[in-house]
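Okay, so here's just one chain, in structure tokens, the form predicted on its own.
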């Protein structure tokens, strides 16, 4: 009998007021697995992550995390269960230093997974090392994005949700982030659900891939299967 997935999304529909965004979405993430969710802007990727976190949409259907039905559980309580979201707009504290931003996130840790120290986090994200005393508002966009990811990892989540982390970043920062994310997830046995449009980054960071279009899952498989179906990329990902 196969092991139940860590995150199990079963036939969810999500709405903003009367706008129906997600349609019967099914998706799962196994413990320690790293999963990419690809799609154009407006495909529903961000809505899916927010649905998992109860961070905006109204949701019908089932979302289970480590066997627990989340139902209407509040966002902060989902965080304490071991879920951690890095939203597309980063949401770092601009009036706090890099070190203080990381420290704040440690308070959201699940008691069964102790938080990671600031020094260890900075060591795992070396581009932040010379910036620890700098305020969040003084960072470049790329530096803020690295901080947002590093801050989420400080809570030592069981499952990290990343929403378009490479958008607008220079290639050198994208490459550094890929190395940092893969290494940190592997060393802490952290599962990953990554929403992305950058296929290179998604491939570098994950084991398997889903493709969404207009709020529906159109493909699921590993990267070899994705490569064997070039029409998927042409139909649902090409601009």
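Positions refer to the first chain, counted from 1. Computed from a predicted model, the values in this text were never measured in an experiment.
The same protein also exists as the form predicted together with a small molecule; that form is not shown, yet it is the one meant from here on.
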| property | result |
| --- | --- |
| Partner-proximal stretch of 45 to 53, 180 to 188, 24 to 32, 63 to 71 relative to the small molecule in the predicted bound form, 4.5 angstroms, heavy atom | 45 to 53 |
| Contact label in the predicted bound form: residue 16 to the small molecule, heavy atom within 4.5 Å | yes |
| Close approach of residue 203 to the small molecule in the predicted bound form, 4.5 Å, heavy atom | no |
